[in-house]
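This document starts with one chain, in the form predicted alone, laid out as structure tokens.
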Amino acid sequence: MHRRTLRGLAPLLLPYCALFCAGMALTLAQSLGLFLPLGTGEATLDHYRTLLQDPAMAQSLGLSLFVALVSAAGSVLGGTVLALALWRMPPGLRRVGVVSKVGLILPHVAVAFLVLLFLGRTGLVSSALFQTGLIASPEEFPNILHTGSGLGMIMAFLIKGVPFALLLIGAVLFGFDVRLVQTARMLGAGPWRTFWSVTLPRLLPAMHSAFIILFLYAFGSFDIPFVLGESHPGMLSIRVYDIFFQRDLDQRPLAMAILTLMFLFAGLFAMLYNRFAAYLDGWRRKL
């Protein structure tokens, strides 16, 4: 059965795997100084050593991890709260939840510009405060974006991430057998105990999946950091763009080395996080 399935999917999988593997192989080769328009043609690890010794690289890595972690955790938390709220609504009012999914249909770059238009110093909020006399000039509006804190990027990722988490977690929640909750309450469990012991364990797989997807997307995203991010320090994706397009060809291996490290980190993070989630699940079952 599995062989038949694989043979059926082969026309779709082979071109994808070939392009992906070829792309990764070329990225790795160029990060080592091979197959470059300019260069000696000899493999070297000098570009990796340069990255590891560059303080700006550490700052970009720290900013990327911070933005990805906060936005993914906040999205999962917000999506879970909204899913629970919709689940507890009367069936006739659950259609209101469609409003919370509007962010899903908007492109990431459109969300980034919306945040810019609303919260920039010349944005709608600043103009409204100026017109109502609450601030004397738009310059008095606090600089929320482009401060190096990543706040603007986090807000944009939350607008996109919360509806995504709501979709994944809500799908599990609305298929949940409410008789389990009713039985727990009949046996004397309080609301918090029922949520911790009955509801949450069934939501955790969807919450973990949403967190991994959103974290890895934010970590390697380009469109939102391009609009709302800073150059110093910039997200890793912006550093790759700057090195690849705005510097000499002999700097290209640095961009390829960053891409290779980002790919290795994504694979390692997904593997370790899955093990961590399995450990947490086993630890919770022992309680």
Partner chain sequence: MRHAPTIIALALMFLLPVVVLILQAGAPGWRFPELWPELSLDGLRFLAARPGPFLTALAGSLGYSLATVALTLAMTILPAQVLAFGSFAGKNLLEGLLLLPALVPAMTFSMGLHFIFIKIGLADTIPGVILVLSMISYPYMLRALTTGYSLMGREYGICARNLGASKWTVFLEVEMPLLLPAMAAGGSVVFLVAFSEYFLVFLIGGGSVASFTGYLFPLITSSNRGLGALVTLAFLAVPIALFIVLELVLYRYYRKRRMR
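Only the largest set of C-alpha atoms that superpose within 1.5 Å between the two forms is called the rigid core. Positions refer to the first chain, counted from 1. The structure displayed is predicted, hence computed values, not measured ones.
Omitted from view is the form predicted together with the partner chain, to which the following refers.
Residues within 4.5 angstroms of the partner chain in the predicted bound form, judged by any non-hydrogen atom, belong to 124-132 and to none of the other stretches in 124-132, 200-208, 183-191, 169-177. Taken together, the three residues Leu51, Leu151 and Trp196 all stay farther than 4.5 Å from the partner chain in the predicted bound form, as judged by their closest heavy atom.
Interface membership of Gly282, defined by any non-hydrogen atom within 4.5 Å of the partner chain in the predicted bound form, is ruled out. At a distance threshold of 4.5 angstroms between non-hydrogen atoms, Leu86 is in contact with the partner chain in the predicted bound form. Not displayed here, the partner chain is approached by Gly220 to within 4.5 Å at the level of heavy atoms in the predicted bound form. The partner chain in the predicted bound form comes within 4.5 Å of no heavy atom belonging to Phe276. Contact with the partner chain in the predicted bound form, defined as a heavy atom within 4.5 Å, holds for exactly one of Pro55, Gly62, Gly41, Pro37, namely Pro37.
Looking at 181-213, the residues that come within 4.5 Å of the partner chain in the predicted bound form, counting any heavy atom, are Ile212, Ile213. In the core-superposed comparison between this form and the one not shown, the C-alpha atom of Leu9 has shifted by at least 2 angstroms.
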